[in-house]
Every structure is written in structure tokens, then in C-alpha cells.
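Next up: just one chain, as C-alpha cells, the form predicted on its own.
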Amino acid sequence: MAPTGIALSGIRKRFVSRSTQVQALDDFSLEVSGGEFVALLGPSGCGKSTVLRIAAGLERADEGSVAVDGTKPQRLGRDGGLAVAFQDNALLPWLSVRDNIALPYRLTRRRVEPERIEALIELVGLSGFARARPGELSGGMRQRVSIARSLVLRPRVLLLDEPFGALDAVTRHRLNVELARILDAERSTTLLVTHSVEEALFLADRVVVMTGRPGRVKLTMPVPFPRQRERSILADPGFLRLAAELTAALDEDDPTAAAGEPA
């Protein structure tokens, strides 16, 4: 049997400062199968990004087990099998689009594959901008560079933390369509953290809703629509019904009760 793409079991995480203790996650468990796309929704402060950071090996759980593609996430990350894209694209401003995308090769001391870089530049719709610096690009274009960089080493697991959260609604919808096309081509196991119900339903095979803090799994909803979704699905009655169900599940938790802890 192929290893589970992502397996988090019994995760507990507490943040401690001089004046307070915050239980961010309590007995949180989630499995994402190989090749599956799962979107994680929840009220602000419920621990969504903490889940993703633990899955990435950037944060350590106080209790519970973490395995990504059958191994420790830190090991998979060092081997280039795991990649993360954040809302802050973190591009190096002095490097071109081409050189920013090539950066993971240098960090892992691998031979740069120019043909892979050029193919990704075309895939994310940035042909003609390979020599541009980040300051010469729009916000949406910078996020496309970030996505291309996260894919350049052909990761088996891709973790996305609100990659389009800072963009306007029109640009965000357009990039959702493009992201769906890109990930259909790459077929990485993907976990997306988002605040957008529409984005979750449009992109994912399955949507997981978290409770308010401390975060646990509250609801799991399979998405019945096949991949290669078109923008027109946003007006489909079935899509709207599922969106209403997810919104109602989110509204049951008071988001103001979770203020002060990382999302």
C-alpha cells in the first residue's frame, strides 16, 4: 500500500507566553491520501496555519504523530519532496523570475534544470517575464512565481497557506482557475489553508472544517464535482448548496472567541 500523503494523528499544540497559555490544537487528526487535494477551513484563530506548519515540519506538536509521504516532514523537505507556498510570496527582490524559481535547486545543491524552469514559467502564464524582477510584477504575478518555485523540484506534497489571500476577488478567482489547471498537471498531494468557502469548494477533492479554538476536525465534506472545474460552477445550484452548508458550519463557532492565536 502506498504511504498516506499526509497523516496527522492526535495533534496537540499549546502556545505559551509570559502572560497566557493558548491551547491551539487539541486531538487534531487528519489524513490526506496520495494525490488528493484537501482544503482546510475554520474560523479565524482556530489553528489552520498551525496545522499546516506542523505538517511542513516548521512547528513541533506537543503531542501526536506526524508523517508526510511516510516519513518525517523535515526529511522530505530536505529531499525536495515537500514544498510550501505562503500568502507572503517571499521572493528575493534582486533575482529575476527565472532565478527565483531556480532557487530550490541551489538550496538543495541540485543541478539546475533550465527546461523545467522554462516549462513552469509557461505553465503559470509568465512567458515573456522570465527576466523581470518581483518589483516589476503585479501581486498576482508574484504569487504565480511563488507557486512555480514551490513546484520546481516536483514535490510529492504541496502545502498552501492562503496563497491568494491578499489579492482582490477578481484576481483571486482567476488564479484559482489557473491553480486548478497547474495542479491537475502536476498531481502533487495538496493541503490548502483558506478562509474562502468558494475557493475550498472550487479547488479541493475534500473540504475539512475545523472548530473554533482549540482546533479539532468538525466536519468533512467530499466535493462531488470532477476536476477540471470551470468558473461557471460557482453558479451551479449544487455548488451553492454545499457552500451554504459549509458557511453554516463555520458560523456556528464565534470567531471573536479565538482572537489572539495564529490562524
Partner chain sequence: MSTRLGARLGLGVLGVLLLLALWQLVGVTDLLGRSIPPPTEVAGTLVDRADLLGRAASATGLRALVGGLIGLAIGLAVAAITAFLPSTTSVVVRTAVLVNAIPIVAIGPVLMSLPTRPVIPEVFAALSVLFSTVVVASDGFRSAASSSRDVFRLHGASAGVRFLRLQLPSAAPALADALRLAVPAALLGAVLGEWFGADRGLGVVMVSSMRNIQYAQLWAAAVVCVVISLAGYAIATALERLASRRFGREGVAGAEAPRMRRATGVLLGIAVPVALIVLWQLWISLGQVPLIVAPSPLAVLGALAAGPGDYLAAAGITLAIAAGGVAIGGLIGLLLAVVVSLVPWLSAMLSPLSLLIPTVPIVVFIPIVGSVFGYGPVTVVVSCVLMAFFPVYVLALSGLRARPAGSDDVFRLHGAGRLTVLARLALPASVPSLLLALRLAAANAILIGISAEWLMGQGGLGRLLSERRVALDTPGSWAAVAVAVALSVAAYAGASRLERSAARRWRS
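Residue numbers count along the first chain shown, from 1. Keep in mind the model is a prediction, meaning the values are calculated, not measured.
Below, we turn to the form predicted together with the partner chain, even though it does not appear here.
Across the options 194-202, 22-30, 51-59, 64-72, residues that bring heavy atoms within 4.5 Å of the partner chain in the predicted bound form belong to 51-59. Comment: the partner chain is not present in this chain, but in the predicted bound form one of D88, D184, E122, E113 has a heavy atom within 4.5 Å of it, namely D88. Interface residue among V84, L151, L179, V145 relative to the partner chain in the predicted bound form, by the heavy atom within 4.5 Å criterion: V84. Heavy atoms of every residue among L103, R106 and G135 are located within 4.5 Å of the partner chain in the predicted bound form. Proximity of A169 to the partner chain in the predicted bound form: non-hydrogen atoms within 4.5 Å are absent; the residue sits far from the partner.
Of the heavy atoms in R131, none are within 4.5 Å of the partner chain in the predicted bound form. Between Q21 and Q87, the Cα spacing is smaller in the predicted bound form than in the shown form, differing by no less than 3 Å.
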